[in-house]
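Single chain ahead, written as structure tokens, the form predicted alone.
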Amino acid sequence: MLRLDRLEIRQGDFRLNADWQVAAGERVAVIGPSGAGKSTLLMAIAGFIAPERGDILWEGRSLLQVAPGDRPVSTLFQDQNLFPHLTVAQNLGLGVSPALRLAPVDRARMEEALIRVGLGGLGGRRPGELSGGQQGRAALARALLRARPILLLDEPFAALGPALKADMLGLVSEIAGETGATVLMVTHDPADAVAFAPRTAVVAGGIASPPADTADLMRNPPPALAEYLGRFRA
């Protein structure tokens, strides 16, 4: 279970509060206006932002003193965070060993991960030689190799077209279901929330509200979400 215990994040005049929990294996969308703090919330969970007060716990253990690289978390960012001067295989290898000291069994796992996401045989290419969708698949393969129980998605597929984005979200759902990962997905698209996440947390007005049933939330949104959604309804 991931628990945000009376969490408060401050950055200058900005403040964000959250006090809720997500069961292991859940998929939760995080939606709200631009600048409301959706990415900030994920960055705090990942360990890149220190909260002002409160706690972040996984399976009852506080993560506040755990370095980002040692947290049970993998994060997919919008820019995929792939190193352009390294091959796809080397980028994946960093998820296994930061020093790229890889045993034959590691290389076999890497090729299996590439095959799993539809990139078999492309490990020797650099990210610039891949399409946007293929780069997203490579980043997902690296997350799969890391095998962390929490997966944070900070709009990694936002630049893709609707069909390709739906394909990638379907692949994430499939892999998360197989591995039992807990997934939090930041999105600006309510349709993605409806398709991907049974529950959704609204971030607005300095509060990350507890996750609620996604379909119900879209049908009967609170005022801040209604203003953001406009005419969209589930």
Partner chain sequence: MARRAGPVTRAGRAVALGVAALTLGTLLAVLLRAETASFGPADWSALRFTVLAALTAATLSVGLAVPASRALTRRRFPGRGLVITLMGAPFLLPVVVAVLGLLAVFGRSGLINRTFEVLGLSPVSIYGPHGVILGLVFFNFPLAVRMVLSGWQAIPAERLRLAAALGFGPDAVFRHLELPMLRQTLPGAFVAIFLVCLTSFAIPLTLGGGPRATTLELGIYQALRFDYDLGRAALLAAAQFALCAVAVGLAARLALPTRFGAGLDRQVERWDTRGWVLRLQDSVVLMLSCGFLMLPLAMIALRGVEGLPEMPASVWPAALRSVLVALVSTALCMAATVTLCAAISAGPAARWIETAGMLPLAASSLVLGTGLFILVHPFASPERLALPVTALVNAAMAMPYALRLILPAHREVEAAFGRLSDSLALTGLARLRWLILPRLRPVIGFASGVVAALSMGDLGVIALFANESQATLPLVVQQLMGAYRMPAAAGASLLLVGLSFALFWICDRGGRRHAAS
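Positions refer to the first chain, counted from 1. Values in this document were obtained by computation on a predicted structure and should not be read as measured data.
Separately, the form predicted together with its partner chain exists; it is not shown, and the next lines address it.
Spell it out for me: taking its partner chain in the predicted complex, does every residue among 47, 70 and 95 have a heavy atom no farther than 4.5 Å from it?
Affirmative, all three are within 4.5 Å.
Residue-level question: is residue 78 within 4.5 Å of its partner chain in the predicted complex, judged on heavy atoms?
Judged by the heavy-atom cut-off of 4.5 Å, residue 78 is well away from its partner chain in the predicted complex.
I'd like to check something about residue 100: if you look in the predicted complex, is any of its heavy atoms closer than or equal to 4.5 Å to a heavy atom of its partner chain?
Residue 100: yes, in contact with its partner chain in the predicted complex.
With the partner left out here, check for me: in the predicted complex, does some heavy atom of residue 57 sit within 4.5 Å of its partner chain?
Judged by the heavy-atom cut-off of 4.5 Å, residue 57 is well away from its partner chain in the predicted complex.
Could you confirm whether residue 142 comes within 4.5 Å of its partner chain in the predicted complex, counting heavy atoms only?
Output for residue 142 is yes: heavy atoms within 4.5 Å of its partner chain.
Select, from the options 183-191, 203-211, 47-55, 165-173, the stretch whose residues sit within 4.5 angstroms of its partner chain in the predicted complex by heavy atom distance.
After filtering at 4.5 Å, what remains is 47-55.
Can you pick out, from 159, 86, 108, 122, the residue that has a heavy atom within 4.5 Å of its partner chain in the predicted complex?
Partner contact (heavy atom, 4.5 Å) among the options: 86.
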